[in-house]
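In structure tokens, the next block holds one chain alone, the form predicted alone.
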């Protein structure tokens, strides 16, 4: 099988896997009462940037010739490394949802029965969901041999992260106060022990 076709298949399987993981959690949280929702228009814009970089641009690459001019040589090593990185991102994504349970939401929201989660993968980083998305973006960068579609995920999700994480932490501080401050001192944001 052609390496490019294999890359497209792996990318598609990863994206479908991402949504298959998320669907049951979306159903669970719909019943939860939201007591604090912030920056709805801003959130929509940021989520659109991320979706464009992690979904729309690579989909156009996979299904059309629009970005063919930006393709570059590709190797089996890139294919395997990209696939493994994507698989790890999916594992972390699922684990993050499991640990969050009903506290999860797509946008910045606090639920009526919201609890500060500090166990599971949250023992190591405050935002493992962002870690999982960055891993997806890195997997895409490695997996897609195209100077536009490959880095689009890092750029799209990077925009969401840069303009959201500070506001999310402010919301958590407003909600959990000193408990969240203490949690911040003992855990990194997205890379254990580093960042």
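Numbering follows the first chain given and starts at 1. Because the structure is a prediction, the values reported are computed rather than measured.
Form predicted in complex with a small molecule: not shown, discussed below.
Think of it this way: in the predicted complex, the small molecule has a heavy atom of just one of 56, 62, 129, 148 within 4.5 Å, and the residue is 129.
Within 4.5 Å of some heavy atom of the small molecule in the predicted complex lies at least one heavy atom of residue 104. Contact check for residue 171: a heavy atom falls within 4.5 Å of the small molecule in the predicted complex.
Proximity of residue 183 to the small molecule in the predicted complex falls within the 4.5 Å heavy atom cutoff.
At a distance threshold of 4.5 angstroms between non-hydrogen atoms, residue 95 is out of contact with the small molecule in the predicted complex. Comparing 129-137, 148-156, 47-55, 64-72 against the small molecule in the predicted complex, the single stretch with non-hydrogen atoms within 4.5 angstroms of it is 129-137.
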